[in-house]
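Before any questions on how it binds or moves, here is one chain, the form predicted on its own, in structure tokens.
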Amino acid sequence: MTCPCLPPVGTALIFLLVAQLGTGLKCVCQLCTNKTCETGADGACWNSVMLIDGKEEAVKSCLSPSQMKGQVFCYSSRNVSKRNCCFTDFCNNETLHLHPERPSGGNSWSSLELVMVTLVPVCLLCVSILLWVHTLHGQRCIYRKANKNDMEETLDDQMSPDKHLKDLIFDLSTSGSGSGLPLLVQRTIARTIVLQESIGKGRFGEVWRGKWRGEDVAVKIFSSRDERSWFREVEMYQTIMLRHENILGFIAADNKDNGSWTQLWLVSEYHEHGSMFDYLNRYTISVEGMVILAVSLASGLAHLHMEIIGAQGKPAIAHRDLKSKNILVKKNGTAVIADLGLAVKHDSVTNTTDISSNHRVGTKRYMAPEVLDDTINMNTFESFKRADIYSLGLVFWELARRCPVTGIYEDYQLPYYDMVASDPSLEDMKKVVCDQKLRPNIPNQWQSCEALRVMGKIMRECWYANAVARLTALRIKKTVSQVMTIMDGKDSLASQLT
């Protein structure tokens, strides 16, 4: 494909384009606190309009360089949505329309031509700059075309019929940026998935079990009205170096247009046990099983919270909606953290967090005291991590209740089940958690079991009203891992004695 020549433009626009070549790209961002976001020089500004209930709704944000590889975010859907990716500062500061208005008549172009003809020296300078910019643009197009050819060759080589998903992800993601499969591969996989059955519904969409080459995958389908949520979750899952054994494995993202509406797909690994909420409702667990789930959960959250410094680094991420329904149980009895639609990333260079203006998000029952009473320090990213730790303590409580104490199993219950209604309001939770300073009950009989005693101690240190005093995810991981080591040692000693 040949690259289009650059059209003649005004002098001011040319100088603006030249000045941008060596710097980052700034864009309008509705989700950001100051309505502005910044991406790399190879990124893009994103502008989208979607027809929802007969009304056009716009979304504006940044696309990172890694997201631009396949330009999955730039595809439009006929008569349903229009998306535009552009490459100059604040170029998305315009409102797209599904049915463009006819241009009004006028002689403004003629006036501009007259000015350019009279200012011959300025025109000569403009032509020189245009030639230089055109040369750079041509080189950029050649580079992109070469990358596309390489990607297609990789696709042909790697996506052989006998390739399994795990092999494909290992081959194509570990050798690259660590942010997942190339977007061309993602689209190819998504377009060949056959949906089997609906397995759940969430706040932003429906989840299906699908088949790809005989393998089960989970497909989260967002409606067109939730494009912003789809974009946010895909952006999080494609964060560099996010992949971890205790974070849900992202496979692909795609938007599917059937002519009358658009479906937004997010494809991930499938885990037959479902959420921890469902799992604990169906099964009781042994002490060993509880410790394994707790260690894996703390390990996933520690990786999410951790910043990795370097060229292939990872920003620190806070989940902001950690609960048993957003945690899945793997076949081997370990846990993975899912649903990153409300997560936020921290940029340590600028010390900023890409958080929307509404920071009281998540599930009310799991909200930390400082979120409930609106005293959370929005200027410190650590505040969001500490709120996650409070929620983690509640999930640990749900786990521990399903373990036997002197041979007795307790029924599964949600945190604060005996203090608030089944669907509590913010005021209900604030009264219990902040005003009365109540927390879920930790039974005295847990003291008779070392693992449950340690878990109870961890919970209390996760629930401090003073957020600064709470444990970190890494500290929790190390403490629970020590319990597992002690248990393994006792088992080894018992086997030797027998």
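Because the structure is predicted, anything quoted here is derived from the model rather than measured. We number the residues from 1 along the sequence you see.
The protein also exists as the form predicted in complex with a small molecule; that form is not presented, and the subsequent description refers to it.
Since exactly one of N326, S296, S391, S81 fits, which has a heavy atom within 4.5 Å of the small molecule in the model of the complex? Flagged contact: N326.
Just one of G313, G202, P404, G333 has a heavy atom within 4.5 Å of the small molecule in the model of the complex. Which one? Going through each option in turn, the one that passes is G202.
So, V207, L248 and D278: all three within 4.5 Å of the small molecule in the model of the complex by heavy atoms, or not? Affirmative, all three are within 4.5 Å.
Work out which of the listed stretches, 411 to 419, 373 to 381, 239 to 247, 269 to 277, brings a heavy atom within 4.5 angstroms of the small molecule in the model of the complex. Stretch with heavy atoms near the partner: 269 to 277.
Contact between A218 and the small molecule in the model of the complex at 4.5 Å, heavy atoms? A218: contacts the small molecule in the model of the complex.
Looking in the model of the complex, any heavy atom of D339 within 4.5 Å of the small molecule? D339: yes, in contact with the small molecule in the model of the complex.
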